[in-house]
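Okay, so here's just one chain, in structure tokens, the form predicted alone.
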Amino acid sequence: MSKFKGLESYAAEDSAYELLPFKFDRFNDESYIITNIVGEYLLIEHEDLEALVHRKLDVTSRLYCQLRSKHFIRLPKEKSPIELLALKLRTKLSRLSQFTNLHIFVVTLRCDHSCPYCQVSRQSEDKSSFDMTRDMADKSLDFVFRSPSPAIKIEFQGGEPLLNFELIKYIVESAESRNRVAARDLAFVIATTLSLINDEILDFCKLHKIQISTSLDGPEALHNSNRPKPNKDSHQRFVAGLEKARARLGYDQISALMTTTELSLDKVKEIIDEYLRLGFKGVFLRPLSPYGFAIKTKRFMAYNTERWLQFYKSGLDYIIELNRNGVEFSEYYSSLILKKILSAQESGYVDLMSPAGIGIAAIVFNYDGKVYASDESRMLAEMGDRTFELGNILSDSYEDIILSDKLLDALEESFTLSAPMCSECAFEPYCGSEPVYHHAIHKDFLGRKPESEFCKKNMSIFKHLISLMESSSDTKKLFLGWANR
């Protein structure tokens, strides 16, 4: 007698299947998208959707098998689909038990650049009153090591953080000293333009395994226009600093971000080519955010979401073509979203988290002792909106800050699984609530979804990525590679 049952043993006896929870929306003129709570998706035609919900599907059809394998339906009393859904959901939400990982120290607001789209309202180099003090740094480190997270990342931001390098040294050495007892997986990042990098700084970074996150907006003329300095040599300094840093720290220790300005919109290929020329393996096509000087100088209003989406899709097409020609290169925002669509893992990107990542995934210690729920929260505060100012590190305890009504109310009201319109959206498993963005625009944690540019941008990207995968098996294979890095 065979140890295995025949195929007929696994077939449904009749059409009495049960529906598991799912959402649907029109995807295009021909099809609908259905998604479940863990982000599994299928594109199906209208008549198939009708047959599915009325339990009239042909049990011998390919669609029936796909729906069972992705846990949209189950046979009566069948337990494994529920158990597998629960396992995948626990995996996606496992980050919640680890709590705050990223701790941002704004060691100074001073900067040697004067970018018109600066989102943090930087100050000139000589205003040392905009520097964090050692007392604030010590109190912030007390807070950092209260986090239950087994992995702690400390990121130094500004302004230009290297203008207060002595405090960075003090914080790194103090954190490492505390960690001899705490035994966390401790990592450091400096976010810098590289204009002030020198041998002393690189020696320190090498000794303490500090990574560098820098900014590159594109070719020389575009970069210098976006990031002005008195000598108009921002790009020249960036390239010199990049070469020096890579030679000392290694290629994989330096990453770069770009910001899309109005001048960038017709130069997406030139921007990607500049990243390739300088040896980067990918680019993050990032739009302007509605904070700081980007609002004051009206740069944020220089282009709309529709125009940025054209820029993004043109860039993505070019990157896919590069890969088809044997050039390995990624678009990082797409990769973050694809991880949510194609795997059971969360990307860890704060903007696309639910519950929102503010406070519980990342938190900011400002130069003046104030504590903010995210980097965007302190940018919003520089504009006078202190909704996400959680307290002061000199006077408030860990519990005062983490359990503050300001943080808990924002998390509760923006939770996408219960938020109006978000909870019914077929793309909810891939999205986040971004309460800071919506408060900046609509003065509300949720915003007005039909008018939300955040929703418009991300829903368009979700649809575009799925369309590209459905129309080309080569593209789907490429995207699977990006999702699983």
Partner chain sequence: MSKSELTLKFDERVYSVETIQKAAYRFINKFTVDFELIDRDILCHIIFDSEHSDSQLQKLKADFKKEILDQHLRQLIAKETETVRNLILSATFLNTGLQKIE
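The shown structure was predicted, so the numbers you read here are calculated from the model rather than taken from an experiment. Residue numbers count along the first chain shown, from 1.
The next section is about a form of this same protein that is not shown, the form predicted in complex with the partner chain.
At the 4.5 Å threshold, heavy atoms of E451 reach the partner chain in the predicted bound form. In the predicted bound form, the partner chain stays beyond 4.5 Å of every heavy atom belonging to G432. For the chain shown alone, C65 is not a contact residue for the partner chain in the predicted bound form, no non-hydrogen atom being within 4.5 angstroms.
In the predicted bound form, the partner chain sits within 4.5 Å of a heavy atom of E424. The contact residue chosen from A151, I82, V327, L207 relative to the partner chain in the predicted bound form is I82, the criterion being a non-hydrogen atom within 4.5 angstroms. Distance criterion of 4.5 Å from any heavy atom to the partner chain in the predicted bound form singles out I37 from the list I44, I441, L57, I37. Not one of L222, Y251 and L265 places a heavy atom within 4.5 Å of the partner chain in the predicted bound form. Annotated contact segment (heavy atom within 4.5 Å of the partner chain in the predicted bound form): 86-94, selected among 86-94, 158-166, 271-279, 255-263. For the stretch 40-76, the set of residues having any non-hydrogen atom within 4.5 angstroms of the partner chain in the predicted bound form comprises L49, E50, V53, H54, R55, R74, in sequence order.
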